[in-house]
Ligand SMILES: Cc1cc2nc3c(=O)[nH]c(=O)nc-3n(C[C@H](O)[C@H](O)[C@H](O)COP(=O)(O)OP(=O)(O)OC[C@H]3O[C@@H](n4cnc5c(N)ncnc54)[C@H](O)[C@@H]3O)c2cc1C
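First comes one chain, alone, set out as structure tokens in the form predicted alone.
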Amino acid sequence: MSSHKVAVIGAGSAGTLAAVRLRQLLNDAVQITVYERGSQAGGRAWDVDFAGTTIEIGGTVLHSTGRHTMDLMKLTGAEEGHYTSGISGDDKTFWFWTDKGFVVKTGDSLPSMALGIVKHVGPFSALRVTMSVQKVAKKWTGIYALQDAGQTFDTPQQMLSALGLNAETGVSVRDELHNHHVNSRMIDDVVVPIVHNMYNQGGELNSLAGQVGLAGAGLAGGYLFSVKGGNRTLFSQALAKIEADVQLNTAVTRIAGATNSDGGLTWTLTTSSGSSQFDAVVLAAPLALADLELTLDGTPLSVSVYPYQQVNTTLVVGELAPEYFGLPAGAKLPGNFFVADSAKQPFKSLGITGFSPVYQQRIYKIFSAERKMSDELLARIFSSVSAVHRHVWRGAYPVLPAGIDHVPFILAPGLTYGCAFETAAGAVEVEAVGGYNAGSLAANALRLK
């Protein structure tokens, strides 16, 4: 049996699912090489050793309704870890911070959240948002039946049309919810702070991305979990399971397609360690962050590149200063703060993410979009600081406005783009869906050779 050679660039969710799908469809008839410029697989599922423990600083939680993610759990035998925001039941609290103070105070159970939100916004707006999110989530999960039936999509627009979700990407989540007669308190004080925590972006998000974020927060059922040993290990274990050749610390700088004697294309990848030829390539790293050159028969490929948002993640071991939050010294504080635009704070969210056995103190995680959390600023927020770790995500999320003309999944014959759907919505499972589709397209193209 002849063997095809396929390169997958990027070992995150999209790249892993593309590789898994190639193995499913072509079995031993494909040699899969995965290039990852980082030191580990996982993409934006990333953890760091800090203050005597391991902390997730990227894709922190996974959702049980994500079919492809759950399939990876089965493939690898990975075990679910219990996702928790703190170290005791008292820490599982959420306060929503606006210019009027803390307008919603709630626990992490759905009944508690629902009660706290309804008290502030009224029952009708809360119900309308829930119904809208559940409707979108039901449409979105229809992708699995289509993919199980072998359907592929050349463009994100085709996928959106098949799911009945084109309209949701053409309007902002703020405008969409206003159209559903959701009041401003619900949008500005609840919805925007939640999506801040998901994307470091707010009401300007396209409605699909915003509602996918709300579904991930629990409005469409399911539960949150993490992977024992770290979320990134799910992807490295999956790639090992399918016997992919994973090249870590290897950046691809050029992808060059050349027409060969039989009229087909051969793809040459250039890295710091040399060059290799492949029958097909799946680019599963965002074009805006990949730092590579694309050519076809010596001519640059013209592909739209959309921006990604830089996000500063700051881990702090210490004790919060109640005075910073407008409360008296010694006042009890929640485990998590969701921050509205009106609060005019330098960060988008702040919450407990672990416990340091070295310092015997809580570890807080702060998302602050483009703004760096300086030592002076941390000294105002915290009454004491024992340790700090800063991580700058050059591109944590795509910028997700309404009305983007998405990059296609097929960039050229034999060159597919696993991250094409990221500009419609961003999440680990969304990337998995895109990668699965790109892997299927690559396998179909190879079958025709």
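Bear in mind that the values here come from a model prediction, so they are computed numbers and not experimental data. One rule holds for the numbers: they count along the sequence shown, beginning at 1.
What comes next is about the form predicted in complex with the ligand, which does not appear here.
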query: Of I363, M198, V129, A238, the one that lies within 4.5 Å of the ligand in the predicted complex (heavy atoms); finding: M198
query: The ligand contact at S64 in the predicted complex, heavy atom, 4.5 Å; finding: no
query: Partner contact for S172 in the predicted complex: the ligand, 4.5 angstroms, heavy atom; finding: no
query: V433: touches the ligand in the predicted complex, heavy atom cutoff 4.5 angstroms; finding: no
query: Any non-hydrogen atom of A18 within 4.5 angstroms of the ligand in the predicted complex; finding: no
query: 4.5 Å heavy atom contact with the ligand in the predicted complex for all of T266, A438 and L441; finding: no
query: Per-stretch contact check against the ligand in the predicted complex, the hit in 99 to 107, 282 to 290, 172 to 180, 336 to 344 (non-hydrogen atom, 4.5 angstroms); finding: 282 to 290
query: Members of 384 to 399 lying within 4.5 angstroms of the ligand, judged by heavy atom, in the predicted complex; finding: W393, A396, Y397
